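Next up: just one chain, as structure tokens, the form predicted alone.
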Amino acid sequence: METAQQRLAQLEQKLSYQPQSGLPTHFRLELELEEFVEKYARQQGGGSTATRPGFTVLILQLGPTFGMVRKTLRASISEWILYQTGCRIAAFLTDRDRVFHTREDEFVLLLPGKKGSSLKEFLQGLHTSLAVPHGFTGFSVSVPVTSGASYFPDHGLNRSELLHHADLAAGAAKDQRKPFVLFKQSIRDTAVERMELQNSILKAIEAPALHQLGEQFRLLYQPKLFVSSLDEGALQISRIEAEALMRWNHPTKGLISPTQFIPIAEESGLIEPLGKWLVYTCAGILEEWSNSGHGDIGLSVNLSPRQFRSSSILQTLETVLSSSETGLNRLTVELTETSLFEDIDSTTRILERFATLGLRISVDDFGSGYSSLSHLHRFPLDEIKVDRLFVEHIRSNKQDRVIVSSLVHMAKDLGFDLIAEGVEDADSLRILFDMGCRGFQGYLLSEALSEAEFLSFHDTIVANDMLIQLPLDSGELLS
């Protein structure tokens, strides 16, 4: 008969080792890291910090490819990748080093004595090994890895500090798209600032009504022009639209860049109330424009991946539709390429519902991800926007020209509008136009404008018989 002591031993065994990799878990990490700290703290004596014995805490995180494999392929594939990853790591370790499999996509290493050049040499070999594709029958899978590290005693004198600082460094490596980052104080300062901004967003949206967000958040409008002809530098405009860009005027920090607050709002879930405010505001603006004689203008809003997948977005759009006299046919929702292809079946169902409501649907930054062009025909799209990275070098990079030309022909065959983003010089616009592109955004035509400035921009073009003149040498539109 099994005794209580045997059951306890079995439970401890289960808690101590990951079944996929056979490596010790976070349960063992906490115990052994505590032992490392106590051991090396006793060895701390005189002399400079550089000569005192210490150890590195290294956190390795598998990239998003692993998550996609785990969701889409059979379990044995992801389990084998984890096992192989553990084996590859173990091959680089000495008898003094320790490795733990703490979360499904995370490994933690304790590396005595490795610092500076010795740590760099170790990481180069380890990352090279982990970058080798995992081979299976008929296919292979590459799983990128990022890592962050802290060092005892420089970056912490106890278990929690060392793990926290290594985790912050790993997060910084992911954000900066670097394979490795060593902790430094500025990383912690950035994390604190992000937390403060998140709290500020919370305070900003605690107002009793959504419209009060307008006290801190406002919109700018980036013109989007459709060109029917280009003759001796004169553009004949067939349609004028705008993309609504959210800006945050913080009460004490001033204007906060969207590149700062949008990722924070996305991570925390606060993007949903912000996105709801954006949709309601843009629907109201379209109605105001219609009443003031500007009913020909279309408006685009960006939906973040989290907002797009939210169960509340359809309810928000249906509420807007029921309360709007002008409908949603002049409102375009822009989705990122990655959110479009994350779950093709789910995406198709959501987009079909969007189309039923009368929305136009656009894919932003197209070409920047790993999309399959063969799936595009499945979606009820109206527009794709070529990523600005392809437009930026289109004059000098033949490969970019070939890619954009292919996208132009594909869009034409599928009946989509094609928009070139980031058009900043006349030569690039001419090249794009000659390829067959007819939609343009960028500083050559106009920077983002306030509502009054945008309507004036629109009215000036209309008054000039829908003609504007391209500049010869300047990046600014000639009036």
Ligand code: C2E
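Predicted model, so just to flag it, every value in this text is computed and none were measured. The first residue of the sequence shown is number 1, and the count goes up from there.
Keep in mind that the form predicted in complex with this ligand is not shown, yet the notes after this line are about it.
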| query | finding |
| --- | --- |
| Partner contact for Gly54 in the predicted complex: this ligand, 4.5 angstroms, heavy atom | no |
| Non-hydrogen atom contact Gly298 with this ligand in the predicted complex at 4.5 angstroms | no |
| This ligand contact in the predicted complex: Gly422, any heavy atom under 4.5 Å | yes |
| Proximity of Thr332 to this ligand in the predicted complex, heavy atoms at 4.5 Å | no |
| Region of this chain that lies against this ligand in the predicted complex, out of 22 to 30, 409 to 417, 423 to 431, 60 to 68 [heavy atom, 4.5 Å] | 423 to 431 |
| This ligand: the contacting residue among Met246, Val320, Leu82, Leu168 in the predicted complex [heavy atom, 4.5 Å] | Met246 |
| Of Arg378, Arg388, His164, Arg309, the one that lies within 4.5 Å of this ligand in the predicted complex (heavy atoms) | Arg388 |
| In the predicted complex, residues of 256 to 275 near this ligand [heavy atom within 4.5 Å] | Ser257, Pro258, Thr259, Ile262 |
